[in-house]
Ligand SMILES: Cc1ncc(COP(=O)(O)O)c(C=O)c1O
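Below you'll find only one chain, the form predicted on its own, shown as structure tokens.
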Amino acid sequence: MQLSQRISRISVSSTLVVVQKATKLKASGVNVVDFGAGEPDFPTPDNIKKAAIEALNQNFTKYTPTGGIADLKQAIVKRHAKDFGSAYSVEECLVTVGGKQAIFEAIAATINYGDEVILPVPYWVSFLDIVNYAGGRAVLLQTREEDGFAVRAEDVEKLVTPKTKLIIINSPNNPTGAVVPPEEMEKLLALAVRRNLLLVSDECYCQFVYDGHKPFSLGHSSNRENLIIVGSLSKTYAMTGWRVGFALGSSVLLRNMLKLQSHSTSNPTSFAQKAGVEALSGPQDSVQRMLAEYQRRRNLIVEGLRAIPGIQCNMPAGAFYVYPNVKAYLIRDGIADSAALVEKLLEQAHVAVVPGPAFGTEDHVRISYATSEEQINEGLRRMKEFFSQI
């Protein structure tokens, strides 16, 4: 069988690989502390689950409009307007099968072969592969760890060429938890307007910010031609398996993204959309409860990691990841890189984390603290013992 060139340009998600290995160990009876998956450990709130059950009881199980039901689109634009002061219409909203589909469709609908996409490093694993699959060329912006992995518009502009088409910004960031300040986001949008580019703003973790930071979105801007916002219900409402995401932007771009959706997944799951309406329109107290717990866990895991000799760890301002530097333990005891380190950590200490190369760096690992305090403490204990023996 001869495979296409485009499929050879991408690889399986590194986070999925880690999850699969951890799952295999668990299935064999091994007690694994799993810091790999970026998934809330909280259950989906009851009111959301009840809305889905009610939809099933009412036999809301048929096809829906490909781009989502009107009630959900209305709930999305209303929630975004209330939270961020935006003014999108229902025609400027597209419901997708998770936020990842919105990103895939936005890139596929705008990138031609050889077009350049500016992508800050560290980056979420799928950004690079989606750009590669579309035939684009990722131009990597190397951010600095000592600067908190900051993304600045002036650094982005230095990479713009006549071939540049897109800028991708993910704030709060997966894997670092870094938050781009609102003034820099405004400068990035101004840059996109000035150079006639499209800014893709991934707001998947926008509600999870700490230390006085306020949730922020560029959606308050009236710009539609140079900005597309991608969001998800997965993290905000602990709905990862429900697969409900969305895009807000130019109706022209969204109509063309819809073409792709019509030939791939068709509509998002019917009853999951009804659950999404309740998530966005109903009580929001669960979001604040999760935020408070994540901040407590963040402080716990950063303190524990910093107590391990040789490990450096920035304090993330958002999301639910830490991205410690483990360079001091590389090129030791047969450990050539962080990927080898992660393998050994899983095999010997039964702790699952994701290696830095998945996100574009060599000296780091990503740890998700979207897990219980008990698991965090046990994972820290195992890692401390593991690193003391290298």
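The structure displayed is predicted, hence computed values, not measured ones. A residue's number is simply how far along the shown sequence it sits, counting from 1.
Heads up, the form predicted together with the ligand isn't pictured, but that's what we're talking about next.
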Original post:
Does residue 235 reach the ligand in the model of the complex, with heavy atoms at most 4.5 Å apart?
Top reply: yes
Original post:
Is there a heavy atom of residue 120 lying 4.5 Å or less from a heavy atom of the ligand in the model of the complex?
Top reply: no
Subject >> Contact test in the model of the complex: residue 170 vs the ligand, heavy atoms, 4.5 Å >> reply: yes
Original post:
Is there a heavy atom of residue 243 lying 4.5 Å or less from a heavy atom of the ligand in the model of the complex?
Top reply: yes
Original post:
Candidate spot 99, 174 and 202, all three in 4.5 Å heavy atom range of the ligand in the model of the complex?
Top reply: yes
Original post:
Can you pick the stretch from 76-84, 104-112, 269-277, 91-99 whose heavy atoms fall within 4.5 Å of the ligand in the model of the complex?
Top reply: 91-99
